[in-house]
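Only one chain comes next, encoded as structure tokens, the form predicted alone.
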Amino acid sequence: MNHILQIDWSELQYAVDDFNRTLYSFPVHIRILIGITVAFLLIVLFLLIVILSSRIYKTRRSVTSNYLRKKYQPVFTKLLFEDDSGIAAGPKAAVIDPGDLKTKFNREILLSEIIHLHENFSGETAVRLEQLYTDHSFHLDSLEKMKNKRWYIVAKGMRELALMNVRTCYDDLSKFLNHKNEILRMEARIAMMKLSSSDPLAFLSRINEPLSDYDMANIHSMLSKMPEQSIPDFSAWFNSHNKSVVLFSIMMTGRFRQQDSTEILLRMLDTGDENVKAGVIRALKELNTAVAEDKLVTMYSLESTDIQKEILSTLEVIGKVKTAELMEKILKQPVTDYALSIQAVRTLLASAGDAGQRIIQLVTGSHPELGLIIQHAKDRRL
């Protein structure tokens, strides 16, 4: 037996030498072609193994996913559609097999099913799903995602926690308020608004990065869906170190008609920042602040063209006698900005009861352009 297993190394060496002699007997270009062919076959074999392995892996995951969905379909059906008498112990009666909770992939499938169902249900059903989510520690999986280096996984974890109303993670979300990734900052702000129990905009005092237009639109949309008593007093952020927060607060003061902030807004008209000043003027327009007329009429001649346009637009809403006098004065001057002159005519028409007569007097003996400007201003299609 030992004799049979013995290897004659000398013969093996001779066989290798014969192979080398045979190989090197070919011309160089033939040897190169053989080498390329062998390398190509090895690469094809490697790719085939990779593709087959990937296909087997994905198929196995798909089969497992379908199996779990079918397995827990009766559980979720009972949870969603039976009344409290049918679920005596609440969501805990919908038991998930502990074995399925030990595998990361299985947990992810079950978590995605719970999230998907929660997105399509509300009320008592949503509360049951939230309890199921926390009872089986799925919120810890979402928190773990927030530690991931890939931003989209972090954002997914934030959305899950916000959707499932896990208020205990509020402080964890606050760590992303000033993150360098704009999307993560936005997700953190939205999540904190949803999870706040009393002050949905408390994070505004803590952010250093500017609010984008998209951020402002999202926050405004969420505020519009909240009960009136949950809307904060935006004047609290008029002195914020973050200019975008100041601009947003001014805008929201007008949108939510917070009349108590009128005096503060009037004082802010003295600011040297044109963006803030323009925002204040627009807010006064939305608040229909008639007491702002005197201040706006006085400051008109001292301001830039952009601010003047904002003043005229606001005076069209709140203006009375003094506004009409200012408009006449503007229209008697040579036209330097057609948009400004057109707005002045519209403001005059809105602020003076005898606007028609005044316009006739202005047209008589004035520059010929004024007639076209008045015609244009009266046409609301333009």
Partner chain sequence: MGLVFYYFTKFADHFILIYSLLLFCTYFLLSVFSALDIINYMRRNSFIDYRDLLTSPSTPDISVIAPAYNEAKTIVQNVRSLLNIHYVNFEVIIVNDGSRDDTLKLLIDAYQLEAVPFAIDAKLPSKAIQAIYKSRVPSLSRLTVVDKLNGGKADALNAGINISKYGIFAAIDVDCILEYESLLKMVKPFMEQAGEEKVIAVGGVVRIANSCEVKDGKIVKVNLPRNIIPRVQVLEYIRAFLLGRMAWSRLNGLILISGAFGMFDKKIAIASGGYNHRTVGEDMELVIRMRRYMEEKKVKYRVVYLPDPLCWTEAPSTFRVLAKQRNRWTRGTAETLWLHKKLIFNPRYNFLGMVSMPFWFLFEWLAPIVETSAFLYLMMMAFLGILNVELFITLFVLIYAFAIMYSTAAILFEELSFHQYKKKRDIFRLLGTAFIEPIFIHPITVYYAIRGNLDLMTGVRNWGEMKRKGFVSK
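Given the structure is predicted, the values throughout are model-derived calculations rather than measurements. Residue numbers count along the first chain shown, from 1. Superpose the two forms; the largest set of C-alphas matching within 1.5 Å is the rigid core.
Keep in mind that the form predicted together with its partner chain is missing from the display, and what follows is about it.
A.B. asks: Please pick, from M192, A292, L143, L211, the one residue with any non-hydrogen atom lying within 4.5 angstroms of its partner chain in the predicted bound form.
C.D. replies: For this set of options, the contacting one is L211.
A.B. asks: Name the single residue among S301, T77, S221, Q259 that comes within 4.5 Å of its partner chain in the predicted bound form, judging by heavy atoms.
C.D. replies: Filtering the options by heavy-atom distance leaves S221.
A.B. asks: Report the stretch among 177-185, 193-201, 133-141, 164-172 that approaches its partner chain in the predicted bound form to within 4.5 Å, counting heavy atoms only.
C.D. replies: Looking at the partner contacts, the answer comes out as 177-185.
A.B. asks: With the cut-off set at 4.5 Å between non-hydrogen atoms, does L33 touch its partner chain in the predicted bound form?
C.D. replies: The answer is yes: L33 has a heavy atom within 4.5 Å of its partner chain.
A.B. asks: Y152: heavy atom within 4.5 Å of its partner chain in the predicted bound form?
C.D. replies: Yes, Y152 is a contact residue.
A.B. asks: In the predicted bound form, does K70 come within 4.5 Å of its partner chain, counting heavy atoms only?
C.D. replies: No - in the predicted bound form, heavy atoms of K70 and its partner chain never come within 4.5 Å of each other.
A.B. asks: Decide whether N66 counts as a contact residue for its partner chain in the predicted bound form under a heavy atom distance cut-off of 4.5 Å.
C.D. replies: No, N66 sits far enough from its partner chain in the predicted bound form that none of its heavy atoms falls within 4.5 Å.
A.B. asks: Even though its partner chain is not shown here, does it sit in the predicted bound form so that D97, M268 and L349 each have a heavy atom within 4.5 Å?
C.D. replies: Looking in the predicted bound form, the three residues D97, M268 and L349 all stay beyond 4.5 Å of its partner chain (heavy atoms).
A.B. asks: Sequence order please: the residues of 47-68 with a heavy atom within 4.5 Å of its partner chain in the predicted bound form.
C.D. replies: The stretch touches the partner through L47, L48, V50, I51, L52, S54, R55, K58.
A.B. asks: Comparing between this form and the one not shown on the rigid core, is the C-alpha shift at Q333 2 Å or larger?
C.D. replies: Not so; Q333 is displaced by less than 2 Å.
A.B. asks: Examine N120 after superposing the rigid core and state whether its CA is displaced by 2 Å or more between this form and the one not shown.
C.D. replies: Yes, N120 moves 2 Å or more.
A.B. asks: Superposing on the rigid core, is the CA of L41 displaced by 2 Å or more between this form and the one not shown?
C.D. replies: Yes.
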